[in-house]
Ligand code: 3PG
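So this first bit is one chain, no partners, the form predicted on its own, shown in structure tokens.
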Amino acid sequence: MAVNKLTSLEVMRAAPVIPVIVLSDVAQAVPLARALVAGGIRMLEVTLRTPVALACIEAIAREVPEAVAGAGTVRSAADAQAAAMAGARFAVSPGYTSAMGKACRELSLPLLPGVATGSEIMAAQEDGYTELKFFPAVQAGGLAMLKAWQGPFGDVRFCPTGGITRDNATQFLGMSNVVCVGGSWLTPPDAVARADWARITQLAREAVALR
């Protein structure tokens, strides 16, 4: 396993949007990754929501060197270990536990832990995490919550995910404590199913232009 020199902040700063990717066919992984990279998106969050997710991460890591494959929906130390073994270079979680945070540190796997409350932010901060995923962003208070957190958590930077769309992404990116957003609109299921990679490249280009 290669030494991972990435930081969570570098993952967040690479582009305005981290695509949240759900794949059910390994054959789609490489062309999808190439389409996103062609549009300027390199950080790819492949969620561990399907039986082939790890194989998809492995294929992207092996065949698309210009992409940075990451694992989403990481919920345990075992998930983090499996993702790292598959070639993931960062991890994104829907919540946070100290055990998972410790595992990611030991694996040198940058983690964006999911938080939705002040207590969860404080727990992640205690373990040294200051770049966090706000999830589910819209459902958990959206822009108003991010604004409220600017005071007590002024040293924390967020990647809001959950309910983020092309239409509201710019509002979230305009917040001073937001570095990037996570969104599934870059990889519409119908475009993936039809292998419409040109459309995905275009959506990626539009996402990059949101900065």
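In case it trips you up, residue 1 is the first one in the sequence shown, and so on. Note that the structure is predicted; figures quoted are calculated from it, not measured.
We do not show the form predicted in complex with the named molecule, though everything after this point is about it.
This chain is displayed without the named molecule, yet in the predicted bound form the stretch 177-185 from 24-32, 147-155, 177-185, 51-59 comes within 4.5 Å of it by heavy atoms. With the partner removed from view, the residue among Val192, Met12, Val20, Leu203 that has a non-hydrogen atom within 4.5 Å of the named molecule in the predicted bound form turns out to be Val20. Contact annotation: Leu36 falls outside 4.5 Å of the named molecule in the predicted bound form, judged by heavy atom distances. Among residues of the shown chain, Ile164 is one whose heavy atoms approach the named molecule to within 4.5 Å in the predicted bound form. In the predicted bound form, no heavy atom of Phe90 sits within 4.5 Å of the named molecule.
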